[in-house]
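Below sits a lone chain in structure tokens, taken as the form predicted alone.
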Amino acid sequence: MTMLFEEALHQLKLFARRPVAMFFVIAMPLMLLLVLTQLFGNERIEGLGLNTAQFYTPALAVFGVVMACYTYLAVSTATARDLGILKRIRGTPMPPWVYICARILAVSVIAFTSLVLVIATGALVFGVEIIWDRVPAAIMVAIAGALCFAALGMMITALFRSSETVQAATSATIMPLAFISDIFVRPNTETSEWIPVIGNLFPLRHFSVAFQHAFDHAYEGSGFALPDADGIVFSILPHLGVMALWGIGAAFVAARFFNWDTRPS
């Protein structure tokens, strides 16, 4: 365990030395919150019962988690492989699983730092209300989302051979999904009927919706009840199920195809 925490601390130090990574993971969600709130005005959104900040704060907190656990984890791991670091790790006393778990632990710390900063900014600057009895459910959703997207990040690293292709793949997948997963586009916006159907197939929308509902008084309950037919009960269980399926599947693919060297298997 000491080796795990020491390596995780080392990965956090490496992150702190990468200004570009810090911008996209930490600063960009905060900037987007400020820009979108100013752009649309912090007024009540018609048809939702929420003001702009109350909607975008949890949405962009989720976006920060995904940028850390999916994009940054995938790109940084692929870069380490390109530089031969992963190959050299295999020749050290550190077990490979410890190294991978340390990277995931480090990005999880980064992800939750981003999440807390976004929510704190929303609460202190824009008066976003935190529904305290839903905090345990929100934390469980955040943990499940972080692990799911960490597994997906490792899967992308396993399937693509260079950091350039990994970066292209993560950008090409996460940005379009963000627009159909209630991250940037509000759910009452007029869009094609197929967009939420497609969005529900992927874990990002379930992560986003479950976390956003923890901040929405239109839903009842603390999050651990079964969903009802009327759709007014706040339930994280179906969303956790979808994220668990994606995470387990991605972890299996990553374990099967991950390569520690740049050469093909």
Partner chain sequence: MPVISVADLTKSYPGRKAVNGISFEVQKGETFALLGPNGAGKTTTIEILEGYRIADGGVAKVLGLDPQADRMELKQRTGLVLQTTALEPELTVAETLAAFARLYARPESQEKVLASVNLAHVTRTRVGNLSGGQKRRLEIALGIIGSPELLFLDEPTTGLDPEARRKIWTLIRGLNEAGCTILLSSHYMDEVKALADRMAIMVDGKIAAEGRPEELQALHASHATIRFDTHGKPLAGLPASLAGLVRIEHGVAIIDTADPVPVLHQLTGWAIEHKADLASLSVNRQSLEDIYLKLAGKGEEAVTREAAE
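Everything quoted here is computed from the prediction, not taken from an experiment. Positions refer to the first chain, counted from 1.
The discussion below concerns the form predicted in complex with its partner chain, not included here.
- With the partner omitted here, the stretch from 146 to 154, 163 to 171, 79 to 87, 119 to 127 that lies within 4.5 Å of its partner chain by heavy atoms in the predicted bound form is 79 to 87.
- Its partner chain in the predicted bound form comes within 4.5 Å of a heavy atom belonging to L14.
- Contact between P95 and its partner chain in the predicted bound form is found at the 4.5 Å heavy atom cutoff.
- Residues from 1 to 29 that approach its partner chain in the predicted bound form with a non-hydrogen atom closer than or equal to 4.5 Å are M3, E6, E7, H10, K13, L14, R17, R18, in the order they occur in the chain.
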